[in-house]
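One chain is shown next in structure tokens, namely the form predicted alone.
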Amino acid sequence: MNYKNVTVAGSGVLGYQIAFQTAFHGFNVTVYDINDAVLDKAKAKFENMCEVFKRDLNATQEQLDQTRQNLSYTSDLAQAVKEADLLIEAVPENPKIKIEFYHKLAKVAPEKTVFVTNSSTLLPSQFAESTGRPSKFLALHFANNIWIHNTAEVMSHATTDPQNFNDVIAFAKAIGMLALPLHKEQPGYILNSLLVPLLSAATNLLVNEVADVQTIDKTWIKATGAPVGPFGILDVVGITTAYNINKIAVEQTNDPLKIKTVKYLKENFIDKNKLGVSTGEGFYKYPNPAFQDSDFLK
């Protein structure tokens, strides 16, 4: 693995974390997004990440100064990938948006650049042809709060070059991740194959008015010893992601319960900009959610 220059496309919930983590571990990172206003928001988030890394990882000021030096920003895609050894795509979880992005990327990226998608639910084979370089394309999926939940699931598709698969595993380790290789394509990878059914079951209980948010979370926390319940997890993941996943399910299955869920999330959260931790409110209010109260389980 001889990656030095990494481009992260998309500076949303996971994109900015991936960029910062990669820069922190000594790689030159270019952050690409659709316009300069979005990039300015990313820069503000990076300043917050400095404080988080001090608190959680005991990062030194010298390390953080170097991390800042390793980061650059552009809204010009050709400029963003000019020197890229690896491009990490973290654009919205929408197949049309991703395919459109890869068509543009294929026209401007150097031949050497390996592409990886951070998609949490979509398979690399869905986009392999759109990239124009199927053998240099695979998936690299991170969990949220990646500096703590430092998992990196690496999943190839049928025509990924095995050397690129091994190189991406080595890269994941080089940026402080626990590399988790998958030996065949699996919707949801490992983590979301386990997590999504839990979150979906919790949402079904809520939408069907079986129990309220806090009761469902209390049940999970008390009965399993987990530190957080499914709705606390959804706030971290981002309610927009849950909404998009359910929308895709509706398009594929027309399931009445999924239709009901999409309507519920749109009216109660999306339309009100209650998107989770990122906006200060979702199923809970932040920075002090009720499930962190000492009497939550009383």
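A quick note: this is a predicted structure, and the numbers were derived from the prediction, not measured. In case it trips you up, residue 1 is the first one in the sequence shown, and so on. Between two forms, the rigid core is the largest collection of C-alphas that superpose within 1.5 Å.
This next part talks about the form predicted together with nicotinamide-adenine-dinucleotide (NAD), which is not shown.
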{"query": "Residue among 118, 200, 151, 135 with a heavy atom within 4.5 Å of nicotinamide-adenine-dinucleotide (NAD) in the model of the complex", "finding": "118"}
{"query": "Sole residue of 172, 90, 155, 84 within 4.5 Å of nicotinamide-adenine-dinucleotide (NAD) in the model of the complex, by heavy atom", "finding": "90"}
{"query": "Which of 220-228, 140-148, 174-182, 105-113 sits within 4.5 Å of nicotinamide-adenine-dinucleotide (NAD) in the model of the complex, heavy atom basis", "finding": "140-148"}
{"query": "Residue 277, heavy atom within 4.5 angstroms of nicotinamide-adenine-dinucleotide (NAD) in the model of the complex", "finding": "no"}
{"query": "Contact of residue 11 with nicotinamide-adenine-dinucleotide (NAD) in the model of the complex (heavy atom, 4.5 Å)", "finding": "yes"}
{"query": "Heavy atom of residue 15 within 4.5 Å of nicotinamide-adenine-dinucleotide (NAD) in the model of the complex", "finding": "yes"}
{"query": "Partner proximity in the model of the complex: residue 194 to nicotinamide-adenine-dinucleotide (NAD), non-hydrogen atom cutoff 4.5 Å", "finding": "no"}
{"query": "nicotinamide-adenine-dinucleotide (NAD) in the model of the complex - contacting residues of 32-48, heavy atom within 4.5 Å", "finding": "32, 33, 34, 38"}
{"query": "Core-aligned C-alpha movement of residue 63 between the shown form and the other one, 2 Å or more", "finding": "no"}
{"query": "After fitting the core, residue 241 CA displacement of 2 Å or more between the shown form and the other one", "finding": "yes"}
